[in-house]
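Below sits a lone chain in structure tokens, taken as the form predicted on its own.
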């Protein structure tokens, strides 16, 4: 399967058409951004790790009944995926207080919730991805009521599967962002990626951060953290 015309370039990936109109190739970059693109940099080898980890997670989720856009890994950085139109909602599941949750609500990081929370933000860089609720999403016609319910159910299922999986790697899944897409049939599937770029991952024993927060907060050891996650994933 060959890359044809590039149709999209985001902060971390490029998307290409193929000779099959229902399939795209996603190519992962080493570029890193934070704070809606205000901070830019490079995390060496990140594209390879994010591609491989994301594909492993998508295959794991498929086994647990979560439909995804994943088709086949083509190379270290390239993956074949089903063509979807992305629902312009970012879905964030939180198991532990951290990041913007702690900032918005004035609580310390590290509080383990009795049950996971879910929040939506409007996928719109120009507006800074503002938070919204299901009523806003309906008013803006971003998704139907049925689609929102489907997305919520799928997101909590993803959390259930991945929390258990990461626990086996001695990693706490603190929070993560998901994106969903519509297939041409209208069916909702999980899209985008699952990686240290989109998940907060803390060592279960030490609470050491093993994710993009090391880049966001200039903590150093960014590549080491990504490599450590990959090492645990591949040694299981």
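Numbering follows the first chain given and starts at 1. Since this is a predicted model, take the numbers as computed values, not measurements.
The same protein also has a form predicted together with adenosine-5'-diphosphate (ADP), omitted here; what follows describes it.
Each of 10, 69 and 191 places at least one heavy atom within 4.5 Å of adenosine-5'-diphosphate (ADP) in the predicted complex. Residue 86 is the only one of 74, 161, 86, 107 with a heavy atom lying within 4.5 Å of adenosine-5'-diphosphate (ADP) in the predicted complex. adenosine-5'-diphosphate (ADP) in the predicted complex comes within 4.5 Å of a heavy atom belonging to residue 24. With a 4.5 Å cutoff on heavy atoms, residue 219 does not count as touching adenosine-5'-diphosphate (ADP) in the predicted complex; it lies far away. When adenosine-5'-diphosphate (ADP) is considered in the predicted complex, residue 155 lies well away from it, no heavy atom lying within 4.5 Å. Interface membership of residue 123, defined by any non-hydrogen atom within 4.5 Å of adenosine-5'-diphosphate (ADP) in the predicted complex, is confirmed.
Residue heavy atoms within 4.5 Å of adenosine-5'-diphosphate (ADP) in the predicted complex occur in exactly one stretch of 110 to 118, 139 to 147, 162 to 170, 76 to 84, and that stretch is 76 to 84. Contacts between 174 to 190 and adenosine-5'-diphosphate (ADP), taken as any heavy atom within 4.5 Å in the predicted complex, involve only 179.
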